[in-house]
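So this first bit is one chain, no partners, the form predicted alone, shown in structure tokens.
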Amino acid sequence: MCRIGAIKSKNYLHPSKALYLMRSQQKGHDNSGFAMVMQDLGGVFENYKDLPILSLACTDRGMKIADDILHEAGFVRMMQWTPEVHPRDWLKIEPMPNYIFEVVQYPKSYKYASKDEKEELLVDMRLKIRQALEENHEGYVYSFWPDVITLKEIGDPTDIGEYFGLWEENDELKAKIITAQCRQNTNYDIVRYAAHPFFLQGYTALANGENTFYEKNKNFQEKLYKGYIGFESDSQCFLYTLHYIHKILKWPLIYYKHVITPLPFEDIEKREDREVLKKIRASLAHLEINGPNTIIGVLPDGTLFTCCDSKKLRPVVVGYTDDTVIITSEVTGINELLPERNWEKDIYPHEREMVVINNNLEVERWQQ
């Protein structure tokens, strides 16, 4: 079972918070890895909010491949940051030679481009870099997007934190939204791309569970959008459906829940919007999931949410204070980070609701 969590705060937080959240839930040693996506960045990235950041783990040759592709497309490097690593013989980690977070300026030809044109360019560049790195076995590109960095690594989560110096807080690496996972949920081998969270065009998703409709989801999604690739994990389907419903179709977020866990037909018939819900079931049946699963997601505007499979056999809890909200798979993580909160306000979502946190940290419970 994966350990997953998300932290959203009014203040900039160091990723050590995510490590403590995951450590409190970890049962013994596990070498399948740790991964996180940081959004709404502070620290060294705070002054580059509108510029795309490339998150890369690669060999020296892989770094040159990525740089050549960006240079040829007209991107100009503005800033590059690399974490200071701390190798130790006893650390259980399989590190890459280089970890690079590079801020770039858009090509001059995109100076007057629309937001959508720039977003599609970033997807095209990430896919091109990924293909080039995979062909030569030279590395991994996790995200290429403004105000977002992604780190994924194989090994023991505690050791990964020590290797990157993430246990000690500093002013270089901070964010207001951090999603994280330890232990992979993968259909194949333990690989970096299979580690949650998954990210695409401002959308983040991570899950605790098992999607037995994976093949059905995958076969349908592969035809929907060029960015729906990889499928190293069955949980990747949750991100692609979220992106498709909210970004491509531009439907309200609540319809994500209606697509992945539709109501029974007898319940649909009792509703005023029954015709809409029946059309959703008829046209998007291949995006339904089958669990058990708990999903945590982030939208491009910073909205954070969680919802469960209709079986609801994977735990999730929401705890919060005036300035911080945490969603995680076990309450022990919230207890460690928010011990002074009002525990009576903790939310254990049921199978037919979605808990949504807006940018004012207001917690809402949407009923399906």
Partner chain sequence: MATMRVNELAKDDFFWQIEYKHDRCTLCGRCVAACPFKAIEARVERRRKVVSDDITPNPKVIFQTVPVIKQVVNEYNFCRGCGICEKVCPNDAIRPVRNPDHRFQAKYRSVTGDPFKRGGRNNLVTSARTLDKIKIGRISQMTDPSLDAQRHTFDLLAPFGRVLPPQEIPFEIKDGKLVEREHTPPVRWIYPIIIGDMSIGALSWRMWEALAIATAYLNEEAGIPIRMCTGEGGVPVRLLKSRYLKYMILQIASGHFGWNRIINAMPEMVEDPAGILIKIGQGAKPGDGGLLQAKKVAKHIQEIRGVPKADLLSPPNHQGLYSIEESVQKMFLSFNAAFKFRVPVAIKVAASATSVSVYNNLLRDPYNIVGGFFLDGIDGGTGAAHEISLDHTGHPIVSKLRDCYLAAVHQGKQGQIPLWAAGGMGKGWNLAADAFKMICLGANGIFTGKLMLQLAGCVGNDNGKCNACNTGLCPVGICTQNPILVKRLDIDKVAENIVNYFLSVDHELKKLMAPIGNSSLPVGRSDALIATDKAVADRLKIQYAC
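Because the structure is a prediction, the values reported are computed rather than measured. Positions refer to the first chain, counted from 1.
Just so it is clear, the following notes concern the form predicted together with the partner chain, a form of the same protein that is not shown.
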Which listed residue (Gln201, Asn290, Asn98, Thr158) meets the criterion of a heavy atom within 4.5 Å of the partner chain in the model of the complex?
Asn290
Could you check which residue among Glu232, Glu120, Glu138, Glu210 gets a heavy atom within 4.5 Å of the partner chain in the model of the complex?
Glu210
Do Gly74 and the partner chain come within 4.5 Å of each other in the model of the complex, heavy atoms counted?
no
Please check if Arg314 has a heavy atom lying within 4.5 Å of any heavy atom of the partner chain in the model of the complex.
yes
Is it the case that Ser310, even though its partner is missing from this view, gets within 4.5 Å of the partner chain in the model of the complex, heavy atoms only?
yes
Would you check, heavy atoms only and a 4.5 Å threshold, whether Tyr244 touches the partner chain in the model of the complex?
yes
Please identify, from 108-116, 192-200, 78-86, 268-276, the stretch that has a heavy atom within 4.5 Å of the partner chain in the model of the complex.
268-276
Could you list which residues of 212-242 come within 4.5 Å of the partner chain in the model of the complex, counting heavy atoms only?
Thr212, Phe213, Glu215, Lys216, Asn219, Phe220, Lys223
